[in-house]
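Encoded as structure tokens, the following chain is the form predicted alone, with no partner shown.
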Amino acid sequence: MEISIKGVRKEFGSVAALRGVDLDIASGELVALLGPSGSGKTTLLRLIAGLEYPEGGQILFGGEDASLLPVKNRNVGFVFQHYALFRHMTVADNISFGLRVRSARRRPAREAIDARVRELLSLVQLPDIGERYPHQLSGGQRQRVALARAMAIDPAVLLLDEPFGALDAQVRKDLRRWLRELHAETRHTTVFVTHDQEEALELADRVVVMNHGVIEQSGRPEELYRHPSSAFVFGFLGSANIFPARVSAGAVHLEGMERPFAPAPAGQPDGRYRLFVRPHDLRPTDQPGLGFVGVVQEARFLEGIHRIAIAITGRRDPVELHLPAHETPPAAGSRIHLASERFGLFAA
């Protein structure tokens, strides 16, 4: 099922939650809606689900206008952050609930429902827990059961709202890997909301970055990370050192620095900018005439990376440098000369 969102607007009182959003989602695609709190990502998900209705624009399912269809007529599966399982029901009854409450004409036979439950429990790798109750499960198991329940009705679209937000870090990592494998097997059109950039970049075929009710940029994870189109996207995805800068005479100059930082990109107009450079794109150099010199404050080793804080004259916050584990980090108190060929310039 492909989804097409055209000029969708949504207000809550005087607050504009969505400001004319356009987005096409291909059939079988796994799309992450990523952004800070208040960016509009959850509102957009609820509009797709039919839990909210737009003030303007259209939401098309397979080319058919579903903008005002009630949720029960949209054939969507929804997975909430806090599972929303029925505590008084067994796992098997939770999973089969959506099938059992159908009208008599559409309800499968009991044997077919039981077979579907067994199939889904096997699919989510929990084949032997059908008779347990939610309170007897771990958080990761509950989330898998919630996903199985959403898939029981064979939805055209699967929607997940912060699906791993209530779980600890290691369980989240395990479930992300599992969900990616599950999606490769089932190929549901899937949209999930998250504020966790690592989660979005690892899981999604495509990431949609939202801010203040609009889409800032949409693309494949590596494309967004390497080629952010705005200062917001550059700063939101991954770590970045940010400098006030100016371009003049074909060179980029950081404010307060004597030597130029780097040659200006071809065609870059003169003027004032904000320069963004990722910690792993800064490199120690002995090339004269470019970059800047600082003093190493400290070096920490975390997740296979040396994370080095560098003090720069006239700058309050230290510059962050990342070096791979196999390199020897500079000693605290030593001077270091840094430069970079990869950075972003955005109008100040």
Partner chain sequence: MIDTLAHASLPPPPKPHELATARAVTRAATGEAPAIRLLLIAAAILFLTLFLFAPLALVFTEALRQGVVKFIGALTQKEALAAIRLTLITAGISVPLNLAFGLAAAWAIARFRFPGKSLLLTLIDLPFSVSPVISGLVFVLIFGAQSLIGPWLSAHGIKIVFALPGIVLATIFVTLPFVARELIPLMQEQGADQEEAALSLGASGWQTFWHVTLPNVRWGVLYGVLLCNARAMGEFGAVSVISGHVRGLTNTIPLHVEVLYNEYAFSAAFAMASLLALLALVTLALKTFLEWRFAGELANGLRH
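Computed from a predicted model, the values in this text were never measured in an experiment. Numbering follows the first chain given and starts at 1.
Omitted here: the form predicted together with its partner chain. The next part is about that form.
Participant: Contact check in the predicted complex: F243, L254 and A311 versus its partner chain, with a cutoff of 4.5 Å between any heavy atoms. Do all three pass?
Facilitator: None of them does, since no heavy atom lies within 4.5 Å of the partner.
Participant: For R149, is any heavy atom within 4.5 Å of its partner chain in the predicted complex, or not?
Facilitator: Output for R149 is yes: heavy atoms within 4.5 Å of its partner chain.
Participant: Would you please decide whether A115 lies within 4.5 angstroms of its partner chain in the predicted complex, comparing each non-hydrogen atom pair?
Facilitator: The answer is no: A115 has no heavy atom within 4.5 Å of its partner chain.
Participant: Do R220 and its partner chain share at least one heavy atom pair within 4.5 Å in the predicted complex?
Facilitator: No - in the predicted complex, heavy atoms of R220 and its partner chain never come within 4.5 Å of each other.
Participant: So in the predicted complex, is its partner chain close enough to L51 to count as touching (4.5 Å, heavy atoms)?
Facilitator: Residue-level check for L51: yes, a contact with its partner chain.
Participant: When its partner chain is placed as it is in the predicted complex, which of 116-124, 233-241, 74-82, 205-213 ends up with heavy atoms within 4.5 Å of it?
Facilitator: This holds for exactly one stretch, 74-82.
Participant: Work out which of V247, I153, I129, V171 lies within 4.5 Å of its partner chain in the predicted complex, going by heavy atoms.
Facilitator: By the 4.5 Å heavy-atom cutoff, the listed residue in contact is I153.
Participant: Exactly one of G165, P108, G140, G98 has a non-hydrogen atom within 4.5 Å of its partner chain in the predicted complex; which residue is it?
Facilitator: Of the candidates G165, P108, G140, G98, G98 is the one lying within 4.5 Å of its partner chain in the predicted complex.
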